[in-house]
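In the form predicted alone, a lone chain appears below as structure tokens.
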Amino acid sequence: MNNNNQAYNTTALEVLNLNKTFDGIKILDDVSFTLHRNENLAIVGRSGTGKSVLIKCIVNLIEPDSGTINLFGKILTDLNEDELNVARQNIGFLFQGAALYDSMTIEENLLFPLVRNKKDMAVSDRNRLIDHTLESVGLIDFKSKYPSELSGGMQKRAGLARTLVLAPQIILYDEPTTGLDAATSAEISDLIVEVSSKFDTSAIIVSHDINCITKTADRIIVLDKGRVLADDVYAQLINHSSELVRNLLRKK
């Protein structure tokens, strides 16, 4: 976790008045927030409050009905397809299930996005980058393994390595500790903090795991019924006037 008292001078991502409706049901209702450079921001809320839809809008997997997403000074909805693909490379997405290719080794899983997005990179440079990235997440000795040969925690690490290999400036974590035991969850939480420092990234962490959130997040946004109900540091939110906010953030 970064220092909650530090002054953030640069905006990495700005979401303004975002709205999304599915089948007449408003999932995102005028959502606005800012993510700063080198900040870890957690988003919490009950199931169905729009957390996953929000981060999918940020990576343009879902198109919002209205509102703007400003990524390092560029409005994503104003970009053409080529410009959008370049902008997307600034955002890494760690899916809940790691989303590795089962038929590829861990090394091949990292090579695939490099070949697709860094066509001019020399083979020797690719190999060095892959080794460096796997070393950073503690998997260098497992690069010839297949995902099925790894534990759940190691698969999460491999998924994170595949995200990091393209050097994103923002990483979106979707329930990074789901399905893991307490000890492994703590290791993944520590890794999120380490990655933020080592790779100079910002992060948005969507999670129900309060232990993960308190360990990783500089700031927390609470969503309820598609709206931002609260936005502050944990120490303030745990004493919030809203009982819903207090209950969501109370450690079990």
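Note that residue numbering begins at 1 and tracks the sequence as displayed. Keep in mind it's a predicted model, so treat the numbers as computed, not measured.
Another form, the form predicted together with a small molecule, is not on view; read the next lines as being about it.
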Would you kindly say which of 41, 27, 57, 31 lies with a heavy atom within 4.5 Å of the small molecule in the predicted bound form?
27
The listed residue (196, 184, 52, 214) that reaches within 4.5 Å of the small molecule in the predicted bound form by any heavy atom is 52
Answer among 214-222, 63-71, 43-51, 187-195 for heavy atoms within 4.5 Å of the small molecule in the predicted bound form: the stretch 43-51
Non-hydrogen atom contact residue 243 with the small molecule in the predicted bound form at 4.5 angstroms:
no
